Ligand code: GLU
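The form predicted alone is given below as one chain in structure tokens.
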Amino acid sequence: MIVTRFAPSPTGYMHIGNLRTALYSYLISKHDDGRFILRIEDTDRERLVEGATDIIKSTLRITGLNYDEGPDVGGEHGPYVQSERKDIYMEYAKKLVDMGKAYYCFCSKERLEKLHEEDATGGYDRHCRNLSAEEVKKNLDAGVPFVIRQKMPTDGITTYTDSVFGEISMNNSELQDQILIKADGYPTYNFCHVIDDHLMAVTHVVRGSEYLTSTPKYVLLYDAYGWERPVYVHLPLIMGRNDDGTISKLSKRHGAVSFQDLVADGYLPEAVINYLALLGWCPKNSETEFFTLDELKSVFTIDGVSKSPSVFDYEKLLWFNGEYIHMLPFDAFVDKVTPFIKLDIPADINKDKMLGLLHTRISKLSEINDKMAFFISQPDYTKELFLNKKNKIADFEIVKSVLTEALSVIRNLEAFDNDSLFAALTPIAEKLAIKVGAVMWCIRIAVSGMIATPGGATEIMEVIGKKESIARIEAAIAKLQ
């Protein structure tokens, strides 16, 4: 059985890159009916952010990435918060010491700082690597603070195979004796994630390609314990496009980079997930870019993951999101867009008709206020908007004639729906010997004050109602005097 995990640190918002890692990890396991684990890696106590764990769990729930084991669902491999597993790590670190694969380091902070000042790139000088058993015992009995370091091989090469990038090798001489247990008794990420992955029976480790050169240290830990190495799946970086056209690692200067910010801006979770799935992975034998989560579970395979960095294209995401919004049933659209509406809607506005016109004309839910504003309050406009070469409207007298006739018609109209309005107003074209398009152009400018609108003249009038339609046409005629 394939077992994957998502193991974020609760240090703030859910970055898009982290969410893609969670998605790919989830899909790899679920493609083969495997298990997906959530583990909270909170051993870096200085970087913890209150509430961040709740954000992680909420994001996975909202996106449908339901985990089989985790902090709030339990499982046979718990606890699933690393700070609650502190004793486990110390036990396994001491086993390494007993095997001669790790050692106690008693170097003071001052000594290490001085060492760094003398050679900022040299790393630790292995001062405590060969202390005698008597020296170690003496320091431990005296309560001298210590860390536990991994004893790296000093020659040879460490090699592992990554499912995306192939064979990766590193000279052991380049590896530092990394800290496994810090002075506060907490493990480092480099150590505890290996222990947890083994104890939780994780078969596939999915993470960003920035860890490619760190993984030799991890496989040496597996080898030291005599454990089977997991399958490694390193994902390409997500980049952002700079103003000058160059690309760099995705950051806030490129736009919203957290899932929470995107949702707050009116992006649908399912659209974000669909787009992220394609950000570094290409489906085989598919003519569509649109996938539900269940469809992704069916078609996602590791061999479709690219080595090349992916550029986060906000325009492409916006297009994706718009398509998802347009595919929503109308009632679902209303439910989702209503929390974004900040404008007060007058009682005589036909709200359902208005939202129906806007449903297929917005790309993110937060656009709703700008798009509906002209219904609520007509913007100021100049009479030159009425002139239109395509409809052969070259002077204001034609416009005034159309609007005067229209005003006469709608004042006496009982039914004020789109079909009734259109049927009543189209005869104006024959009466004035102009095209129907010209009639509707003049009326639409009068009732909207805009060249481009969601819906035609009669649809807009149905939304704003008879009283407001008459007032706006009267104001337009006055503007033409």
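What you see is a predicted model, and the numbers here were worked out from it, not measured in a lab. For every residue, the number given is its place in the sequence shown, counted from 1.
As for the form predicted together with the named molecule, it is not shown, yet the points below apply to it.
Look at 206-214, 378-386, 106-114, 92-100: in the predicted complex, residues with non-hydrogen atoms within 4.5 angstroms of the named molecule sit in 206-214.
Taking non-hydrogen atoms only, residue 41 approaches the named molecule to within 4.5 angstroms in the predicted complex.
Using a 4.5 Å cutoff between non-hydrogen atoms, residue 193 counts as a contact of the named molecule in the predicted complex. Taking the partner from elsewhere, residue 189 is found to have a heavy atom lying within 4.5 Å of the named molecule in the predicted complex. The shortest heavy atom separation between residue 7 and the named molecule in the predicted complex is within 4.5 Å.
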